[in-house]
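Heads up, the chain shows up twice below as structure tokens, two forms, tagged structure 1 and structure 2.
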Structure 1
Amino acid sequence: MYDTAKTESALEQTETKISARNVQVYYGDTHAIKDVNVEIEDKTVTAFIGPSGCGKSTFLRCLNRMNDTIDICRVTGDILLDGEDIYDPKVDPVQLRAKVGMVFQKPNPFPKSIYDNIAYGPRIHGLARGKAELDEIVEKSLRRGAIWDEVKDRLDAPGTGLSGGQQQRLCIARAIATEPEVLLMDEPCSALDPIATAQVEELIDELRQSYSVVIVTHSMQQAARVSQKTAFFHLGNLVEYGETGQIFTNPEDPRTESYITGRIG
């Protein structure tokens, strides 16, 4: 009880970016997310952890309505972005996704040149006036994605020709090129080597200055390193949510503790 109170007082100090209330997600008859309430803060890195199949990706996809593309998927409850319900019929999911960017679990570069991959978002949203500005955006995004040095000499080569880890960093760079306000990252480092992982983590830390970042990860160390807030999911329930240090050193729920110490999952 005491701990919860402390967490709530911490919440009040920072601005809430996304707040989810009583969110349920069904895939046909499967109840994949059960009554989840969570407040995701602005300028904060939030980590989602939990065993495989517990619904981390599903919940993440709710936050930018990517679940709309799955026919059998049904979402109920409210998800507010800056106080506005994103499932309101008035909201255009296209504009929402421009504001809430996403990096997927599997790298999915377009079969286009590296340059065109990065320029895709800026082009469709008209972010660049002229070629010079677009070039600048592309270079900046690739640098922030920690892949500029590897690809600067072959921007015309197809993005699909890169290695898996390079592809994932390309996808991260592509997502930040559209300048989203929130960046959702689904296991962005699962295909990366330790060096690239460190670079991406550095990037996440930098993004925190201006954005809200939500990262799904299977690595406890990574969650502990990059995030300020951690949410633990288990079988579709949000079991525990709080300060990262709190969750890792002094979890309230026995399920959280046994997951962190490696006994379930």
Structure 2
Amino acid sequence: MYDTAKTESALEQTETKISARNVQVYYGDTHAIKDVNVEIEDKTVTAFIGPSGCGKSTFLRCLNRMNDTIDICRVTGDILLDGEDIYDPKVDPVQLRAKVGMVFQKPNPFPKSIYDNIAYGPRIHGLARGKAELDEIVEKSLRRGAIWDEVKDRLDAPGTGLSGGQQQRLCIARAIATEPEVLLMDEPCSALDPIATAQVEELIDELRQSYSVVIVTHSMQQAARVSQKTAFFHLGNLVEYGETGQIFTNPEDPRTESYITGRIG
């Protein structure tokens, strides 16, 4: 039996941040994503898991219109951010990407100083009214990215000179410098060693106090450690979506169980 009072109080605490309805993605004639419906909650880490080529990164890129950069890609259906259609012609993709930040698989700091990596977004979006405000944003972002103490004495040094794990935390700090509402992460730890991975995972757990975080990961252990909600993709379909604990211990769909127990993937 459900404890309805408990369920309702849980629902009141979390609100939907992104709502996807009947989303289809085509690359030319290839139907890559089929009829995905999902509600992504605010202040929650949602993990997308599934075998390689199952559509999880493709769907992630729909959430900030990164697929717009691919000529042969076509997206249909509705994706709403706080109830607003992000594919509405009136929506500027550049402004959208300030609200929906993205961190990629391979750390990709700009070939600029650590300071300028963070200051870049706030500058182009006009978020600072002068050097003092910009300094404040840079420090706050680097603190949030859990890297301030390591770099505060060398902000003029190139971001590319940092270690892999530091570069990835710099990229996370850069993504949150524009005060986004959602943070997308496409396998953010796959190029990192176990120590750097643990630091990034700890950071993800802290970031969910302020953001809705969506992470694509190949590692089921990582999904189990960092997320509250998990979506399992297979062959372009969203097979199952629910509480992470339930997906891993008591999945409803046999395909989910096969993937989690290592029989497919």
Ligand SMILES: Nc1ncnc2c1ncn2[C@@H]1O[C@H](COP(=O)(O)OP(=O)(O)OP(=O)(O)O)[C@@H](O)[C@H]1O
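Quick note, the numbers are simply positions in structure 1, starting from 1. We call the rigid core the largest set of C-alpha positions that still match within 1.5 Å between the two forms. Bear in mind the structure is a predicted one, so any value in this text is a computation, not a measurement.
**Q** Determine, for this pair of isolated chain forms, which one is the form predicted in complex with the named molecule.
**A** Structure 1 is the matching one, since it is the form predicted in complex with the named molecule.
**Q** Honestly, after the rigid core fit, is Asp193 moving at least 2 Å at Cα between the two structures?
**A** Superposed on the core, Asp193 moves its C-alpha 2 Å or more between the two structures.
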